[in-house]
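So this first bit is one chain, no partners, the form predicted on its own, shown in structure tokens.
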């Protein structure tokens, strides 16, 4: 007789084995034994089950989309010959407000165009390198079965085109990228995208599908340093990213560019990580993923808070939105979100569900200028480059920056918090000494100070993430608000004070 506890242990182990999301390898059978049981219908069998014969019917021109849009499902029941026509473009685009970068792209945008085919399709791939480009390029598609993923077959000089063919044997979501030496530099400049190989039966229907891809960027200048920025090879080798971004820009998925849905709808995100270096911890603040196809394979996990996406990998996440509001997408290696740019938004409209959640829509204090880029920083940057920077442009840019950098402590109205953070509004301390005031965000301050007759004893950390122009704009805004003296602060003044007070700053706070 089997002991009761042993019976339950065996039963539990059997249940775990049957429900495991990992495909089980066949067990070797001894000679003369009966054939192994037929694999479960859910076992896709990898590439061995992905060849459905030659293409049927006329060739199909692939519909390619720019992120965050996704092509429609193929809707086909038989394999086809699919023609993909993709052009490499080297283009200058904004990486942040007031900051330009020369991206190398598949299709003129970062990430590259989304490609959607069906398992078993024969893909005829045409890669063109625009004549105005300066570099040779190629493409390595992780969906390709064959050495190099197509890289050796697609090496293309500027003004030329290449062609190769492959059969999409494995279902799933796959990264593609340039693999021309130096490979890391080509990827770091934005040369990556996603190709979806649908299962023959297609994916379950949802209300919205979106394309989101993370990448890390390495610029000579620091984060948000204005003007044109070049690629920094040493930073890339050291994996010291200046920016970590969704879809190639800080503005790509915020404000008017946010993803959209309505209460009660289902959302599927095709999320990739181009790297070249960093692993993503993808998270949507305020949502739990109903399903995550881990590493974009066949099996899924349920009820997931944060999913890890390796460099050169992907995931498919699905969830239903039950509560209206703005949901923030981040890399939960959280400094990347708030100090390197890895932040996007999903705006959900519909009737409130007070039974599920009673809070406000969004915390604009901690999101600040990331919540809705207004163009005021870009305007101030342009005027500064032309030597015509006006006080009004500084004030507008400074206000946008103040909301995210300073308002949590000093409050949006400049009144501070009683007994904790001193007021900036009508501050005698601020107005008495301009250099001392600039030194507060630049070098920080610890210990008691007296403002308008009241003593405050708290800590002001150095705002080492701010550039000279950002400190100048914030201080100009503060000086021209809430009854203050109306002074104007220039980036040159901040730069000079930074140089003269270098010894005062704590180690690690200097730029």
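Positions refer to the first chain, counted from 1. For clarity, every value in this text was computed on a predicted model and none was experimentally measured.
There is another form of this protein, the form predicted together with a small molecule, and it is not shown here; the text below is about that form.
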| property | result |
| --- | --- |
| Location of the small molecule contact in the predicted complex, chosen stretch of 90-98, 299-307, 421-429, 206-214 [non-hydrogen atom, 4.5 Å] | 421-429 |
| In the predicted complex, residue 475 touching the small molecule (heavy atom, 4.5 Å) | yes |
| Interface membership of residue 459, the small molecule in the predicted complex, 4.5 Å heavy atom rule | yes |
| The small molecule contact in the predicted complex: residue 57, any heavy atom under 4.5 Å | no |
| Partner proximity in the predicted complex: residue 409 to the small molecule, non-hydrogen atom cutoff 4.5 Å | yes |
| Among the candidates 71, 441, 313, 324, the residue which, in the predicted complex, approaches the small molecule to within 4.5 Å (heavy atoms) | 441 |
| The single option of 485, 63, 446, 454 touching the small molecule in the predicted complex, heavy atom within 4.5 Å | 446 |
| Contact test, all of 379, 393 and 396, partner the small molecule in the predicted complex, heavy atom 4.5 Å | no |
